[in-house]
Each structure stands twice: as C-alpha cells, then as structure tokens.
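In the form predicted alone, a lone chain appears below as structure tokens.
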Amino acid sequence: MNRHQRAAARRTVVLMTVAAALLLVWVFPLIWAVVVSLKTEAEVLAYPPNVFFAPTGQNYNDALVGGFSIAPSLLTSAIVSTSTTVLTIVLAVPAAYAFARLRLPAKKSLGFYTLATQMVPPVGLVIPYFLILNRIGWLDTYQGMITVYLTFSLPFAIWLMVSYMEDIPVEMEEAAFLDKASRLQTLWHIIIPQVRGGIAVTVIFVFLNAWNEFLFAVQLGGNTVRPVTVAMYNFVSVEQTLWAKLAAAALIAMLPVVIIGIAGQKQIVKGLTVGAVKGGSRR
C-alpha cells in the first residue's frame, strides 16, 4: 500500500474502534439487564458478582404468569398506546396539512399555541388532569388515559408532519385540482402517499412515547388501567427489590417497541432522510 492507502486504512481502523466503543457503551445496560434476568435473586445480590452461573428462565415465567404477572398490563399498554397512536395520526395528518397549505385566520397564533403546549412541564399538569378526570368520571379509565396521552402526542405529531407536508411540491396538488379533485381527495390520493415515511416516523415516536410514559400512568391509572411501566413496580417493595424479575419484566416490556422499530426500519430511514434530500434540492 502507498502512503495515502495506509493513512486511509488507519482512519478506518480508528473510526471502527471509536464506533465499537460507543456501541459497547450504549448496549452495555441492555447486556447487563439480560445477564441479571438469567440469574437467581441470590446470585444478583452476590458480592463479588458471579461471572459464571447456571442461567435460568424462571424470572421470565414469574414475570408473565407469576403472582406479579405483567401480562394484563402488557395488554393495557397495547390498547392505550395503539389507540393513542391511531387517533393521533387520524387527527394530526389533516391538521398538519392545514398548517402547511391552507390560509387560516390566526395561523401563526394557532401554530405557536400548538408548539407552546410542548413547553409545559408534564408534572405541572398532573393535578389539573386528575381533577378534571375525577370530575367527569374518567379517572382510571381507558378513555381518560388515551385523552391525556393525546394532549402531548398530538402537538408533537402535528409539527413533525408539517415539515413533511411542506416538502411536497404545490404543483402536484394544483394538477389534482385541475382534474376536479377535492381537497380531501387530494390529501388522500396525493399527499398521504408522499408522506408515508413521515407517518411511519410519527407512528414510531408516538407509540414509543405512549408505551414508555410513566408519570401520568401512575397518577391517573389504577387497578383497571395499569400500564406495564407501572406494573413493573410490583417487583419493588419496602423490604426488597426483586432485581432479576424486574430485569426480565423490563426486557419483555421492551420487546414490542423493538419489533415495531425493526419492522418499520426502512420507512423510518426514508422518512428521516426525505426532508434533508428535498431541502438540499431546493437550495
């Protein structure tokens, strides 16, 4: 190899080493959780830690069918997260289209108000939400939890979708209007197919935020609506913390989000890059 090739090879080795180190730092907590979930409670608390041990799957069995089973809470989280995601997309797509294309009265004020709702600390909303839901009888109900989740997922989804709507050439809509298409037909047949990547990205983020949410779930839920993030605290008590079962429950709770992320990987990558590509073409 000549000098330039050797320099390029050294740069490649350095970059790969740095990338491997960063990946190890990122994945270490996950590896540790897997190891802990395969130990007994006594082995978890052993000091110094046991490097060699006989793996057991009993913790996963206890997390799913034991006395502190999180299986019902997994179903609850699936219902709440899926309903929130579907309603958010149904409402956010036309709202984002309106912000991106229509000449609305007080458009800037409405846009600022929508954005400002994301600046309110969630902890400051817990008590008002509790009082409102308690007054209307929606405390510890699916409709109450989904409505609360919509209040923070909908503004986020609208502003995320607006950027994708604005990247679509106006000429495509004008051509549809010349063919006697209505505004709704144009949105359905022209706009939505062009922003599928953006919708996929929005679905992933909204679902993930709803699935992982804890503050509102623990305060506004109860025995009827108990998401998995709250149910995992069954393994934590005053006397002890069942770390092995808690790790197993956490890994089980992560699985649906991981599956969704892998299934929508291509659309996510496309959605994250389409805006940059179109923005660069305009420049």
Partner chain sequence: MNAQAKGRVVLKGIRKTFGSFVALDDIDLEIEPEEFFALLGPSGSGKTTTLRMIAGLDTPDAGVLEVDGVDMTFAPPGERDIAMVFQNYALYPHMTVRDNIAFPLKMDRVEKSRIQPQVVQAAERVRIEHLLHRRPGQLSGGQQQRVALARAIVRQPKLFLLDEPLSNLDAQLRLETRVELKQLQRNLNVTAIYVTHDQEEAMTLADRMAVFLDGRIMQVGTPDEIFNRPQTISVAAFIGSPPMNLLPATLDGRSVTLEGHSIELRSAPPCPPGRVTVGVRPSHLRVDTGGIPARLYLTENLGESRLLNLLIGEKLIKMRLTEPGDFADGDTVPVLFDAESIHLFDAESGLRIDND
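Residue numbers count along the first chain shown, from 1. Please read all numbers here as calculations on a predicted model, not as lab measurements.
What follows is about the form predicted together with its partner chain, which we do not show.
Taking non-hydrogen atoms only, residue 117 never approaches its partner chain to within 4.5 angstroms in the predicted complex. Though the partner is left out of this view, residue 180 does reach within 4.5 Å of its partner chain in the predicted complex, counting heavy atoms only. Although the partner is absent here, residue 83 lies well away from its partner chain in the predicted complex, with no heavy atom inside 4.5 Å. Using a 4.5 angstroms threshold between heavy atoms, residue 110 stays clear of its partner chain in the predicted complex. The single contact residue among 143, 209, 194, 151, judged by any heavy atom lying within 4.5 Å of its partner chain in the predicted complex, is 194. Only one of the listed residues (175, 132, 98, 78) places a non-hydrogen atom within 4.5 angstroms of its partner chain in the predicted complex, and that residue is 175.
Partner contacts here mean any heavy atom within 4.5 Å of its partner chain in the predicted complex, and among 166-174, 201-209, 70-78, 135-143 they occur only in 166-174.
Shown without its partner, the chain has 185, 189, 190, 193, 194 in segment 185-209 as residues with a non-hydrogen atom within 4.5 angstroms of its partner chain in the predicted complex.
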